[in-house]
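Given as structure tokens, the chain that follows is alone and in the form predicted alone.
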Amino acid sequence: MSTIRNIAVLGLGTMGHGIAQAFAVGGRHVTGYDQSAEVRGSVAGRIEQNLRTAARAGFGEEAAIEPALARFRVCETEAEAVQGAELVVEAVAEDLEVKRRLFSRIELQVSAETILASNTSSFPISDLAADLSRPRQALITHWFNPPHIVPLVEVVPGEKTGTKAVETTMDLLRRVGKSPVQLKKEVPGFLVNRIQIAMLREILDLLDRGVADPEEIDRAVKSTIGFRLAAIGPLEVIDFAGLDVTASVFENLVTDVRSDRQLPAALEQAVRSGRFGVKSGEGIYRYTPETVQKKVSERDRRFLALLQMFHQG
């Protein structure tokens, strides 16, 4: 199987810069572009900071930071970024038309064998690639934040995606140290987001009903579900618990577990009032620039500790 060496990442914000970093650390030559000059100007510094945090946590050495940074180049135009790319990953705004127009534009500027990958969180590739003349080369690679740390990447082909494009992408992701999972069917939200939304609906309902405070809900989940699922998967959990016991608990609770399609009140009210989370300074919790930086550093430190155990397993 031919190994991809040259990759372009379009959109260098929260997800894009981490995706570019993962490929550069994995030995690939990466070009990047973002329509924001401010984002383009800050991306190298953000990647360097990530690499130094990782080195302090035992992932990589300080001596490897400069070579990794040297493999990443920021471009001033989209056309310059995709020139010679064997894989183009888009991480632009989560807007169907924006992504479709980008794919149609890029397809005209790359070779017939270039793979076009979207980091969309919800749109099926069949919709994103509807206007392409080479839909066989289009698929989804759905990364998770922070993408330079979280091992999983969901690979979601469409009905017209070619087998070679899927196999080449899976091979590349493994070679750069990721743990790709290929979905067999296109479903909205793919695999992980559907599970997360189902869990989040019940969590927010418990918050709406005043069953527990936000801090207690977070602590409860981290100390049980999160603790166990960091070691074994949910289907293994119920095997160890006993499927007969699981069936009984399911039947006892399922009628009281939230199952409607309404936006939970806590989420709806927060969005209406402009409380979007970290980016607005308030969501479920309150944040300042200082606390955000502290929380991100602590989050990444804990994620890197988990990553060490993941690789050991």
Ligand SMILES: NC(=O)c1ccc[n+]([C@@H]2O[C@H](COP(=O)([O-])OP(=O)(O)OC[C@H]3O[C@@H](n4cnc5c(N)ncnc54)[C@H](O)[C@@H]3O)[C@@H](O)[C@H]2O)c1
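One-based numbering along the sequence shown. Computed from a predicted model, the values in this text were never measured in an experiment.
From this point on, the text means the form predicted in complex with the ligand, which you will not see here.
Only one of the listed residues (Ile284, Val39, Ala55, Val271) places a non-hydrogen atom within 4.5 angstroms of the ligand in the model of the complex, and that residue is Val39. Distance criterion of 4.5 Å from any heavy atom to the ligand in the model of the complex singles out Ala91 from the list Val153, Val156, Ala91, Val88. Residues Thr114, Asp171 and Gln182 are none of them found to lie within 4.5 Å of the ligand in the model of the complex, as judged by heavy atom distances.
By the criterion of a heavy atom within 4.5 Å, Val74 is excluded from the residues contacting the ligand in the model of the complex.
By the criterion of a heavy atom within 4.5 Å, Thr120 is counted among the residues contacting the ligand in the model of the complex. Among residues of the shown chain, Ile125 is not one whose heavy atoms approach the ligand to within 4.5 Å in the model of the complex. The closest non-hydrogen atom of Thr224 lies beyond 4.5 Å of the ligand in the model of the complex. Note that among 210-218, 224-232, 135-143, 197-205, the stretch whose heavy atoms approach the ligand to within 4.5 Å in the model of the complex is 135-143. Interface residues of 261-297, taken as those with a heavy atom within 4.5 Å of the ligand in the model of the complex (partner not displayed), are absent.
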